[in-house]
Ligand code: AGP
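Have a look below at one chain only, the form predicted on its own, in structure tokens format.
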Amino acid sequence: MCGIVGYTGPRQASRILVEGLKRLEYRGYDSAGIAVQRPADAGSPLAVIKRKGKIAELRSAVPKDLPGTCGIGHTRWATHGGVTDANAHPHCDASGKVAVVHNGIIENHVALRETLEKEGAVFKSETDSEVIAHLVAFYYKGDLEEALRAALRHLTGTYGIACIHSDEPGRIVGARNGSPLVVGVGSGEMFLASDVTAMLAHTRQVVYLNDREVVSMSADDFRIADLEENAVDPKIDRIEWDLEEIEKEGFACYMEKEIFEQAESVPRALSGRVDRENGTAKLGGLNLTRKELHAIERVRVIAAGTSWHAGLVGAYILESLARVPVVAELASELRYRNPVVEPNTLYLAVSQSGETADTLFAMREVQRRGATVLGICNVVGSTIARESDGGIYVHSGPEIAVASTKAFTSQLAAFYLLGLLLARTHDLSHAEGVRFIKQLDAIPEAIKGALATRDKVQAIAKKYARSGDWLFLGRGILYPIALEGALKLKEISYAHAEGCGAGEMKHGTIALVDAETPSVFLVPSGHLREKTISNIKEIKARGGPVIAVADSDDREVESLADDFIGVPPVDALFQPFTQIVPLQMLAYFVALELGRDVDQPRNLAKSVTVE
């Protein structure tokens, strides 16, 4: 969601801050700003510049020669208060000496605001975040860290905070509770950010803050302690991503680049994790013995959005292979229920960022009740990865576009591996395990074949781009792919799209069929193929245009459809990998035809770290 950047060191802070904010654009935002400590002879204590709109608006407002070597920056996604310059961060106290940037939501901000106004504070914005600046100023007695600690004792809600004070040159203080914050350790300079991408150009050495921790840093030192002031021994991790991985590399958009990276990202997710000799998978990060794996009787998946769709496919795989009952649950629903945690039940928390608020809080709730939770995440060092009992990194690499593509297929790869491992501890034979691995080995090449439909998909997108309503229909393991295809189109084209179970079509959905509403059918190659063909004929009989995605050699489906996208034939169990790719491209090209901002669609953020 919102983004934080902080810098202290020998270099011009404003340039590093704006550059860092630019790299955080993908998280979603509607305004941006920076605050830089001025030299002692500069007049006003802090230079605060903020603008609604894109980073380009902020960049043009920041003087190229702005002095100051310590500062903080922020990209805001509006929650409290409209999109205005005044509501943009950083926020200052009345004296202009304190500046604060904040991610999260302060739930008791109204009561705090009323109290502070009685003490003489004058507020300039409608945001919940501004109360933090006034609280810090109220408690400041010459020690910024102590003032922030005192302020935190009054806050209810979630926060990632960075704070500076003009009386403490070169110092940044930050705190985290429910919203990510990362320290970057440089040579004679320090960084603070909500995401490592903001500082990857300058350092690979990072420390992930845990909830209820406070960091105080200068150019050449930092210390971390919890809210009770107990010192924390920091663990420094190294980021292995290359800066080039988060550049567009000749593609028009990050989303297009990430769609085409799937031929490499899926093999990365599988690499080193297949035991061909024994027909099984190797997943050492699960931290479970063979005996513990064999004792698993049920699986529950906790996820949101695209990760939930991956979990629905995962449920199908685990049930089909390992013969254990699986339910994929929306984290936002589970966290507010009174969930029953049964014995011998494994929970899987799935999140690309590892910071998704609902998934994280649902995970913590079932852990309190004694559940074992494994994380399936992309971001190394993320909160879910650190707080889960074990897990699988999907290794898709940095995903910048808001609409997830390559992380989705990498999550699928993780589920297929886990399904194979569980199945081999239950009743899947060695021969069946070896056969499964051969089919899995063929998937990267099949994805390349699916990507080769690019020109065909682009032509179809051009034909139907102005359709206001779309239906996506699938059965069995392709039903979640229909949901994901509809979500992709909604996210970046803003067209209304519904993902439907094809078998449920006559229970209401068929009423939406007309000549202006394309129906995108995902045709399985297995026992549900004939049923799906019958559904296609029913749509055609009512004058609805049909776009069919099926095996490239399926001539019957090709003859029935108005538009046909043929993908490489694979076993029905593996079709999610090939059929999702043209749907991702369809959404992308429709959005381009409509002139949408593909990488940063309106109202959306990459990582939903607040409710």
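Here the structure is a predicted model, which is why all the values come from computation and not from measurement. One-based numbering along the sequence shown.
A second form of this protein, the form predicted in complex with 2-deoxy-2-amino glucitol-6-phosphate (AGP), is not displayed here; the remarks below concern that form.
Colleague: Answer for residue 305 alone: is it within 4.5 Å of 2-deoxy-2-amino glucitol-6-phosphate (AGP) in the predicted bound form, judged on heavy atom distances?
Modeller: Residue 305: yes, in contact with 2-deoxy-2-amino glucitol-6-phosphate (AGP) in the predicted bound form.
Colleague: Would you please decide whether residue 403 lies within 4.5 angstroms of 2-deoxy-2-amino glucitol-6-phosphate (AGP) in the predicted bound form, comparing each non-hydrogen atom pair?
Modeller: Taking the distances in the predicted bound form, the answer for residue 403 is yes, it comes within 4.5 Å of 2-deoxy-2-amino glucitol-6-phosphate (AGP).
Colleague: Is residue 488 close enough to touch 2-deoxy-2-amino glucitol-6-phosphate (AGP) in the predicted bound form, meaning at least one heavy atom pair within 4.5 Å?
Modeller: Yes - in the predicted bound form, heavy atoms of residue 488 and 2-deoxy-2-amino glucitol-6-phosphate (AGP) come within 4.5 Å of each other.
Colleague: In the predicted bound form, is there a heavy atom of 2-deoxy-2-amino glucitol-6-phosphate (AGP) that lies within 4.5 Å of any heavy atom of residue 351, even though the partner is absent here?
Modeller: Residue 351: yes, in contact with 2-deoxy-2-amino glucitol-6-phosphate (AGP) in the predicted bound form.
Colleague: Just to confirm, with a 4.5 Å cut-off on non-hydrogen atoms, which of 356, 535, 383, 262 contacts 2-deoxy-2-amino glucitol-6-phosphate (AGP) in the predicted bound form?
Modeller: In short, 356.
Colleague: Quick one: find which of 208-216, 289-297, 442-450, 306-314 has residues within 4.5 Å of 2-deoxy-2-amino glucitol-6-phosphate (AGP) in the predicted bound form by heavy atom distance.
Modeller: That would be 306-314.
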